[in-house]
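Quick heads-up: it's one chain on its own, the form predicted on its own, in structure tokens.
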């Protein structure tokens, strides 16, 4: 499974992008579970954010994308973003 995360917004407005291919990763099952939870439980359409907050786009296998924004990330959204980007949400 390919999981792509794009984070934009923030004080500087600099986008941050990362993508992982879960094939062969030791934690692939957990990453795939998180990704499927995020794309199936996040309502479609861009969520309203706050000024200078981050906005996120998560895409799974180039087929399903969802958008969400700070504040109010679910636990699954936050964990997926942190693990794919390799830094805090």
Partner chain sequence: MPGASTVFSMYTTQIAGGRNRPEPAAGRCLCGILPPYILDRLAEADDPRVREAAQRTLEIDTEFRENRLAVPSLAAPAPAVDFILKRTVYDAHHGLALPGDVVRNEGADPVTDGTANRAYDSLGLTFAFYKEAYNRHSIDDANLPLDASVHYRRSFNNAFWDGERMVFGDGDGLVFNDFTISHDIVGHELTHGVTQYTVGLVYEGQSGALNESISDVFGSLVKQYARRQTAEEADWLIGAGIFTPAVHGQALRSMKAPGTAFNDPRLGGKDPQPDNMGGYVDDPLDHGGVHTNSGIPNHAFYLVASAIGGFAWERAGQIWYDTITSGGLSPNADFKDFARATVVAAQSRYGKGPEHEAVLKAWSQVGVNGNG
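Positions refer to the first chain, counted from 1. Please read all numbers here as calculations on a predicted model, not as lab measurements.
The same protein also exists as the form predicted in complex with the partner chain; that form is not shown, yet it is the one meant from here on.
For residue 62, no non-hydrogen atom is located within 4.5 Å of the partner chain in the model of the complex, even though that partner is not displayed. At the 4.5 Å threshold, heavy atoms of residue 48 reach the partner chain in the model of the complex. The closest heavy atom approach of residue 73 to the partner chain in the model of the complex falls within 4.5 Å. In the model of the complex, the partner chain lies farther than 4.5 Å from every heavy atom of residue 1.
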